[in-house]
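Just one chain is shown here, as structure tokens, and it is the form predicted alone.
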């Protein structure tokens, strides 16, 4: 049986943790997105007037939403788990009447909430600043939720594997950030040479950006059904991995 009280308590702590430091967890993402719109959007729009029939600024907004969502979701769980390890607080958590499943779900839900909050706020910024149209709001919210959950789970795995802030930063800087920028945030992959397009198709973040771009602008470089199932696959894969690692105690029970 699931310890619902314990699960709620730990989840509430994880959600409250990032809300209490909103100047570090929410405001920076909004500022970065506004700067991207002003610098990359309004400036480059003078040279690239439109892509696939929409203005350049509108074209990059879905990518910015997705980049902000997955970055915040993954960093929330990874930093929280690593901080618990380094401060030697995990033994106290592991002795609580909570199973590995319940602990993993609490962390994942906390990261998911942060990803959703940041994604929706950037979406609202786009609506306010550039009158961003939203073709399919339920579909957009579904993609934001799936990506938040998937990358929150991935962040938990990263936090369990990392032994220092340097290791965690290396994973983020050499894996997550490059894949995000190469996923088509600022361009359509059809603008690339064929060999570069082929490489884009093995980048999972490309499908996340492509999917939410279709739900907002009805523009995509590949079938949106592939993007949806890729999001579902990543969600199931990383969730299962995070739960299995937490239950096994790998890299945390030392």
Partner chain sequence: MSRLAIQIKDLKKSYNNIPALKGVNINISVGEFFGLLGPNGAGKTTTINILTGLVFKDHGNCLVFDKDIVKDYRYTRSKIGIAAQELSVDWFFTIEKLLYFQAGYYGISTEKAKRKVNELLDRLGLDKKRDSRLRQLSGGMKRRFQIAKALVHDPEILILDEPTAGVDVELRHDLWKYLKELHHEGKTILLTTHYIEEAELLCENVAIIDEGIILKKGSPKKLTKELGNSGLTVQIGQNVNDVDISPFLNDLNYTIEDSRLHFSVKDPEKAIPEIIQRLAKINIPLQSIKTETSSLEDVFLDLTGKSINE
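As the structure is a prediction and not an experimental result, all values here were calculated from the model. Positions refer to the first chain, counted from 1.
Omitted from view is the form predicted in complex with its partner chain, to which the following refers.
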Margin query: in the predicted complex, is there a heavy atom of its partner chain that lies within 4.5 Å of any heavy atom of residue 92, even though the partner is absent here?
Written below: yes
Margin query: My question is simply whether residue 240 lines the interface with its partner chain in the predicted complex - judged by any non-hydrogen atom within 4.5 Å.
Written below: no
Note to self: Can you tell me if residue 136 lies within 4.5 angstroms of its partner chain in the predicted complex, counting non-hydrogen atoms only?
What the structure shows: no
Next item on the list: Please run the contact check for residue 109 against its partner chain in the predicted complex: heavy atoms, 4.5 angstroms, yes or no?
Entry: no
Margin query: Using a 4.5 Å heavy atom cut-off, which of 151-159, 120-128, 95-103, 168-176 contacts its partner chain in the predicted complex?
Written below: 95-103
Notebook entry, point to check: What residues, if any, in 16-48 have a non-hydrogen atom within 4.5 angstroms of its partner chain in the predicted complex?
Noted result: 16, 17, 20, 21
